[in-house]
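One chain follows as structure tokens, the form predicted alone.
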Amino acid sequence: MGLTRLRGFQDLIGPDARAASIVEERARAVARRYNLSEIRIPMMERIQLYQHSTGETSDIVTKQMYVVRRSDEGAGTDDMVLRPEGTPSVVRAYIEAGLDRRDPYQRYYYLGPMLRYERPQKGRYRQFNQFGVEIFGRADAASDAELMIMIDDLTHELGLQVRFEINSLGCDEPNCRPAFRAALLEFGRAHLKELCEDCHQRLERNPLRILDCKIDGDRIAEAAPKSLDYLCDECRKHFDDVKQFLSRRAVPFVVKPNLVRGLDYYTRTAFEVVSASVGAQSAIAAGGRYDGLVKELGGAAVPGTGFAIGIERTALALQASESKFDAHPRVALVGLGDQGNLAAMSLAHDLRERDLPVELLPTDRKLKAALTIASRMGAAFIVIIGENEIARGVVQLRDLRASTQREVAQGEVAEAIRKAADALPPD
């Protein structure tokens, strides 16, 4: 039996890897424009970090974490886990560095793999990459809206059509979120027979989790009390301000009153970003406000808000779109004969310095075979140079999409390729 990859894990090869890289590159570029600082967090954390943040009743903590134990120890409070999400680690690092008290206002982004033991399907894997943003020290609605506008900027650059689904979960004042929780608890007790076994366990500890049920969540949420009906005046104004900011920037959104997200730390704004291009797993990004999380993890009472984008899901949407992302055409270069090979190597270097992706083709193939390789690699052009061309200071430039060929002076190859590429229709 041959060695194969583990279930729920994937290899990204060729176009799949390229699509993921494009999403990551564009995300980093957007982060720079929004003046975010990078933070790099460890792959492994103490299990208590997620129990106290993500929530002991959440699916992530109860079902999906990869627990790491030393071979000489049994289960215990020192268990470690492979990180299932990024926000708790960023908050922990922020507190551990003393920034919550010394310099609370901070803006970070991170990028890297997460691991959850989930049921694998298209768009959902046990190892996946996230680009995330966390902003500390701002409690205003403009900060919530800025995050969604940032995602909107990124998806526009990627050519993706998305919709934002937003809700407000309220705050911890007595007549806001606690009143909503009490109403959900009463509803859950009255409909106990309609809830799954997991929800029976969750109901008394955290009634909000019944709205996030993977089995009956949508049906239950339609009939259950809505958080928007329990908002205090301050939370209602905060949510109205978020909607106004989004409308001003023409960010497409709908209010989804049953959206609670699967994490316990959210307060006030919560949102998901949905694409129709990735099938059942349509959410490519999600986030919200978590004003109590820093204090819950031992820090000062600093407000926070953030989001995470699934790189692989966004890459799937990208591949399903009609957008074109290679800003520069690919060029294949073949040298004929010893002198032609030397000249081709030098010319390849010159073209790469001009930001053209160039691949030198094998020297042991005939020209017809080289053309086949060039087409297979997706090259738009093939440059041919042999002893005859060297003597005359030219190359043969073949346009593979237009099926034309002409001589071009060696010093004018890059410009000729760019002009020819601009004249061609998109793929």
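Each residue number is its position in the shown sequence, starting from 1. In this text, all values refer to a predicted model and were calculated from it rather than measured experimentally.
Note that the form predicted in complex with adenosine-5'-triphosphate (ATP) isn't included here; everything after this is about it.
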Worksheet item: Contact between residue 283 and adenosine-5'-triphosphate (ATP) in the predicted complex at 4.5 Å, heavy atoms?
Response: yes
Fill in: 4.5 Å heavy atom contact, residue 125 and adenosine-5'-triphosphate (ATP) in the predicted complex
yes
Worksheet item: residue 308: heavy atom within 4.5 Å of adenosine-5'-triphosphate (ATP) in the predicted complex?
Response: yes
Worksheet item: Hey, in the predicted complex, does residue 238 get a heavy atom within 4.5 angstroms of adenosine-5'-triphosphate (ATP)?
Response: no
Worksheet item: Would adenosine-5'-triphosphate (ATP) in the predicted complex be within 4.5 angstroms of a non-hydrogen atom of every residue among 330, 398 and 410?
Response: no
Item to complete: Using a 4.5 Å heavy atom cut-off, indicate which stretch of 147 to 155, 352 to 360, 223 to 231, 117 to 125 touches adenosine-5'-triphosphate (ATP) in the predicted complex.
Response: 117 to 125
Worksheet item: Heavy atom within 4.5 Å of adenosine-5'-triphosphate (ATP) in the predicted complex: which of 163, 261, 256, 107?
Response: 261
Fill in: Residue (of 89, 143, 130, 267) lying close to adenosine-5'-triphosphate (ATP) in the predicted complex, criterion heavy atoms within 4.5 Å
130
Worksheet entry | Those residues of 376 to 398 which, in the predicted complex, come within 4.5 Å of adenosine-5'-triphosphate (ATP) by heavy atom | none
